[in-house]
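Only one chain is given next, in structure tokens, and it is the form predicted alone.
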Amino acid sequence: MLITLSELADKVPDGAKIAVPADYAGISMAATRALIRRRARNLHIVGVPTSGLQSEMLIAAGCVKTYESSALTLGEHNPPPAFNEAVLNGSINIVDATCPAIHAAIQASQKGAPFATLRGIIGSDILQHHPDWKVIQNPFNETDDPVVAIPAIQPDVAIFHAPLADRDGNVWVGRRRELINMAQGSKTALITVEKVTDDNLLENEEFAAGTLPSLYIGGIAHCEKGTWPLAFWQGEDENGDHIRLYKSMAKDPAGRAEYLEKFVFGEGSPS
């Protein structure tokens, strides 16, 4: 179950649909750099429910064919240059959604259901761009009561960073239940972790409730500071200076290539 970072990236085939979490939940930037070094192509990224620098860099490296989410944001460092350019020139496909719709579709897959229903998007123009979303009548109400049926999203793999794994292949995610939803809604999960313990997490009363069992996991790589330069909810602070450096270098294709050469392929990469 414990594998190297390059072996983890090799488990993601070209064309895979990949679920990634929002920046606050634990982004595996180590796996992101490994995928770029593998020169992954035609990936379908699903931001659950948004994504940020991770997807921005994958787009900058030419790894992405489709981006599906409710947003791609660098937060206070907006706007994301490679993403904006790709949208304007049509080099990637955009599947627009809302945060509740993304979560509902992942949860439908987690439950083995073909779709989930929502009300809040009725009346919005996003329905015009989603022929796959169907407005249906609530079958439990005899009066007019429309709801939107949203097809389940089942990614090929969920990729994220977590604080702790054990040698039996279980991963502790604490209160970040969206990571469990992502892993269980996907065909498998590939996870980088800060630490590895010899103690079985599922046998520990303190950790068991927040632990993702090994049966949902296809590989774990030990990568300290695996979210760098992003923050991590278990203690790693954001390196704002480096994100600003990325923004300054990523204004055009030549600058993006220079950044990737130094900080992904070269000695400037921490992982």
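Position 1 is the first residue in the sequence shown; the rest follow in order. Note that this is a predicted model, so its numbers are computed, not measured.
The discussion below concerns the form predicted in complex with another copy of the chain, not included here.
Put simply, N239 is far from another copy of the chain in the predicted bound form: not one heavy atom of it is within 4.5 Å. Another copy of the chain is not shown here, but in the predicted bound form it comes within 4.5 Å of a heavy atom of Q234. For G62, no non-hydrogen atom is located within 4.5 Å of another copy of the chain in the predicted bound form, even though that partner is not displayed.
Another copy of the chain is not shown here, and in the predicted bound form it never comes within 4.5 Å of any heavy atom of A82. Residues I136, N138, P139, F140, V147, A149, I150, P151 are the ones in 135 to 155 with at least one heavy atom within 4.5 Å of another copy of the chain in the predicted bound form, listed in sequence order.
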